[in-house]
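Just one chain follows, in the form predicted on its own, and it is written as C-alpha cells.
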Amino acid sequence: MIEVDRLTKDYGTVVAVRDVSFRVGKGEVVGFLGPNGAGKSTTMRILVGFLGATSGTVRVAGHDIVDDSLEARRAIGYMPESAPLYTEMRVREYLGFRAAVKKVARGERKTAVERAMSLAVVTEMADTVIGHLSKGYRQRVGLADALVANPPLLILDEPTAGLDPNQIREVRRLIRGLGESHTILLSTHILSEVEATCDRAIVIDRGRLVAEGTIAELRARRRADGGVLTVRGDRDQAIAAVEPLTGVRRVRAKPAEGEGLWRLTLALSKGTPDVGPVLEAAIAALVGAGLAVRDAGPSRATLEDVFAELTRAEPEADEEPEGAS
C-alpha cells in the first residue's frame, strides 16, 4: 500500500529525512515512531503530497505521489496533528463540504458523511458547531474528515496529541476498530499507543530509519538484563536466598496475584553475560530454602526500553528544523 524508497528531504542547511526506505502492506496497522524532531511529520507530509522530496520515490496504492499525485492522494485519508477544522461550521455541514472537496459523488455524500460520523463516533454531535466541541471531539471530527471519502489508507499524525487519558483510550479504540478495514500508518512518539494499536513499528531518529519489525521483534533486539520469578512462601526468606548469588546485583519483591505469592525481580550485575545460569541458581537456592517456584524467566524488554536504546545518541548538528517534526 505504501512504498518508500531512499526518501530524502534536504532544507539546504538541514537534512530532515535521510535516505529512508520502508513498506507498509495492505491491511497492516503500522506505528511510525520517533522522538520529537525525528522527521516523522516531514515524512508523512511527503507521503500525502503536501511536501516535495529532495530525492527518492513514494508510491501509494501503486501510484507515484509525484507523477500520479491525484490518484495517489485519492487512496489516502490524512489526519494531521492539528486538524485545520472550520470552527464556525457544524459537524455535518463541515463533513459534507469536505466530501465535496474530495470529489465524493453528489448522490453519495449524505451516506458518506453519515458513515464517517458513525465510524468516528461523532454522530451525536452532527448538528453542533465545531468551535463548541471539546478537544477530544475535534480530534474525532478530524478522523471523520480522513474517512469521509472511504480511502483504503489512513495516515494519522499524532492522533491523540493533547487529549486527556480517557480521550486517548477512546481514540485508540477507534483506531483498532478501523484497522479491521483499513491500512493505517500511525505517527507517534507515545510508545504505549503503538503497543496498544499496531501490528508493526518503524523507528526513525534524526531523519534516519533505525529499526523496523513487529513489536515482538523490536523487543527481542534488547538482551534481557534481569530475571523474574514467582515464588510462594516468605518474602524475606526468598530475598535472602537469591541476594548472595553470583551475578545478582539487586533483588526486588512485590506481591503477585494469588495468596502467598511474590514476584521477585533480579537485576544482573554488570558484565554478567547471560541470565540463564543466574535463574538456574536462583531456582535451586529457593527450592533449597523450602520455597516453591511457580515460574521463572528472563525479564521482558519493553518497547520503551528498545526505543530508548535506539534513540539515545546525542543529537547531531543537522537536526530537523523547528516545525518539521
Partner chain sequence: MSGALAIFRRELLGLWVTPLAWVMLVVFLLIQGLSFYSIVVHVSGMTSASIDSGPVQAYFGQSIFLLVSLLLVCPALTMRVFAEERKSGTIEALLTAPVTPAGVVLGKYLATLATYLAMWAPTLLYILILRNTGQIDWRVVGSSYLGVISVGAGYLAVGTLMSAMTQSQLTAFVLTMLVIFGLFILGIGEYVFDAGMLRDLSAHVSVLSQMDEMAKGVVDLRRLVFDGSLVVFPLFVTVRVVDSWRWG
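This one's a predicted model, so the numbers in the text were calculated from it and none came from an experiment. Positions refer to the first chain, counted from 1.
Another form, the form predicted in complex with the partner chain, is not on view; read the next lines as being about it.
Put simply, of Gly177, Gly131, Pro165, Pro84 only one has a heavy atom within 4.5 Å of the partner chain in the model of the complex, and it is Pro84. Out of the listed residues Gly226, Pro80, Gly247, Pro151, Pro80 is the one that sits within 4.5 Å of the partner chain in the model of the complex by at least one heavy atom. Not displayed here, the partner chain is approached by Val101 to within 4.5 Å at the level of heavy atoms in the model of the complex.
The partner chain is not drawn, but in the model of the complex it has no heavy atom within 4.5 Å of Ala61. In the model of the complex, Leu70 approaches the partner chain with a heavy atom inside 4.5 Å. The closest heavy atom approach of Lys254 to the partner chain in the model of the complex falls outside 4.5 Å. Comment: 50-58 is the region of 50-58, 288-296, 22-30, 260-268 lying near the partner chain in the model of the complex, near meaning a non-hydrogen atom within 4.5 Å. Along 7-21, these residues reach a heavy atom to within 4.5 Å of the partner chain in the model of the complex: Lys9, Tyr11.
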